[in-house]
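Single chain ahead, written as structure tokens, the form predicted on its own.
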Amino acid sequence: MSFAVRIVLVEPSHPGNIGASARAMKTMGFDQLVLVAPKDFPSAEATARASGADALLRQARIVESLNDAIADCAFVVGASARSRSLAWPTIGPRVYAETVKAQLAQGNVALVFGPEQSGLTNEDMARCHQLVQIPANPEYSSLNLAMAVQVLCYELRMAQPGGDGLSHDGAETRDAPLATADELNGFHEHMESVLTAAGFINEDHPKLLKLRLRRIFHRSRLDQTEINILRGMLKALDPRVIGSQQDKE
């Protein structure tokens, strides 16, 4: 039994953690592993720690950036244990599992884990629709990367009814596919460009402003038709386009 959820490890520094994560995935029925700029892979140590999940390691996809890893995904969840200066939609493992179960009907889903020492950056977080946090002992809450992968894959497996795979019953009905991460990122870059040209965003604004704007639209769960409407609006309101039209007149 295989689950259509992509496990993405961002800049893993230790090959043993890659192998142990592959083992954790295989025991829970997951086989889609994507590595973003791994420090040391392929590696004999990764293969040894995989303990039989060699095939999963061999078919792992290696990409240069998180954007490459999630470009075709309609729903992206980031695993994080750190508190943030900017509040971000954060859920627990049980709620996350039920949310992913519903979202699978809408398109590809990715579960993203940050580097072992630092976790996801604010920029990585801005690519996620939600964060999931594993509750742990507040006096010692550090989880090994493979342990975190195991826990969250387990919760997804347990969310399936009767062991027959993730159910899509009760999934949200839409008249258009959800926008992919690549389409959302294109929209955000378009919006930031127009707002900069209009003078709303300038170099003195903190990066948090752009993150807040992304958060607003991530909550909306935009579909492809809605993205096209918003980009059409941005084009019509772009002062550079308006100025060019006035010059022609």
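Numbering starts at 1 and runs along the sequence shown. Just so we're clear, the structure is a prediction, and the values are computed from it rather than from any experiment.
Note that the form predicted together with S-adenosyl-L-homocysteine isn't included here; everything after this is about it.
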Want to guess which of 175-183, 68-76, 117-125, 97-105 is within 4.5 Å of S-adenosyl-L-homocysteine in the model of the complex, heavy atoms only?
117-125
4.5 Å heavy atom contact with S-adenosyl-L-homocysteine in the model of the complex for all of I134, L145 and A148:
yes
Flag A81 as yes or no: does it have a non-hydrogen atom within 4.5 angstroms of any non-hydrogen atom of S-adenosyl-L-homocysteine in the model of the complex?
yes
Consider Q160 of the chain shown here, and say whether it contacts S-adenosyl-L-homocysteine in the model of the complex, taking contact as heavy atoms within 4.5 Å.
no
